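In structure tokens, the next block holds one chain alone, the form predicted on its own.
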Amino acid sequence: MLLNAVIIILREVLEAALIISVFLALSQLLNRNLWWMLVALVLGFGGAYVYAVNLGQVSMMAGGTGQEIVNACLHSLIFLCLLLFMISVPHQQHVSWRLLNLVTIILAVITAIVREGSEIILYINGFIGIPDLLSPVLMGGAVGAGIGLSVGVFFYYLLVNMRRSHGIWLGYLILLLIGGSMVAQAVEFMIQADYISATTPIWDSSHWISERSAVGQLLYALVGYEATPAPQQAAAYFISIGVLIAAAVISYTIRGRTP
């Protein structure tokens, strides 16, 4: 039970921690005020609690697939925020673009906390009232959360202590990978809800890196690692990354042509 708690909490914390740490680092490198973090944390944890409390009703929607649909929408919303962030960064000299950039950061962080935080609340809540199990779950959860937060802190200091241009581009690269992961996970939820037909996985790498291992969880959060991905997930992953790259290139090109 202790190990299961470590893996489960680590998986949930890692994704949110990476998104938060990268946006914090990029905000600092782009000379942005960091007040948005307090707003995003408060709204995110509040939203996570509301979502967790009402998850039973949500799950019964759409013929019992409400949770999968909502989770797919949350992941898609994070991808949309990353897309708008990539587009808006080159145009920070304009107030409207700067405001859009800030809104996308806040919304992405809030959504990530709602998605991952609600899962943590539900998991721990399931063991309340069972003292023999609650204690190891809390201990394992603390270890998993500590590892996840440590990874986030590591990436934050890695980015802010690099040469400014290198830190920004590495941050962009991490966001590209996270964006691909978000869309791939959204597709996975739609497969679980039977809105997309399940097909034979295109590979099985579980004998090399298990998804339940610490390395597997880190790769899952960072690059969307899936040991047995469906073809639709792989296609969505690479297409979404291509869309983000194209949007960033076009936006920088337009800025370069603007007098």
Partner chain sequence: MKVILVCFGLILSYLPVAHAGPPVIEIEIRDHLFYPDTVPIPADTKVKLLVKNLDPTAEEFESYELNREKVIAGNSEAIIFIGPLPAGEYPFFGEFFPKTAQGKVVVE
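Positions refer to the first chain, counted from 1. Being a predicted model, the structure only gives us computed values, none of them experimental.
The discussion below concerns the form predicted together with its partner chain, not included here.
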How about Gln192 - does it come within 4.5 Å of its partner chain in the model of the complex, if we only consider non-hydrogen atoms?
yes
Using heavy atoms and a 4.5 Å limit, would one call Leu100 a contact residue for its partner chain in the model of the complex?
no
Just checking whether Tyr172 would be counted as a contact of its partner chain in the model of the complex - the rule being heavy atoms within 4.5 angstroms.
no
Its partner chain contact at Ala198 in the model of the complex, heavy atom, 4.5 Å
yes
By the heavy atom within 4.5 Å rule, which residue out of Leu41, Leu30, Val223, Val58 makes contact with its partner chain in the model of the complex?
Val58
Of the listed stretches (173-181, 101-109, 82-90, 130-138), which one has a non-hydrogen atom within 4.5 Å of its partner chain in the model of the complex?
130-138
So, a 4.5 angstroms cut-off on heavy atom distances: do all three of Val22, Met37 and Leu77 pass it with respect to its partner chain in the model of the complex?
no
Neighbours of its partner chain in the model of the complex among 53-88 [non-hydrogen atom within 4.5 angstroms]
Asn54, Leu55, Gly56, Gln57, Val58, Ser59, Met60, Met61, Ala62, Gly63, Gly64, Thr65, Gln67, Glu68, Ile69, Val70, Cys73
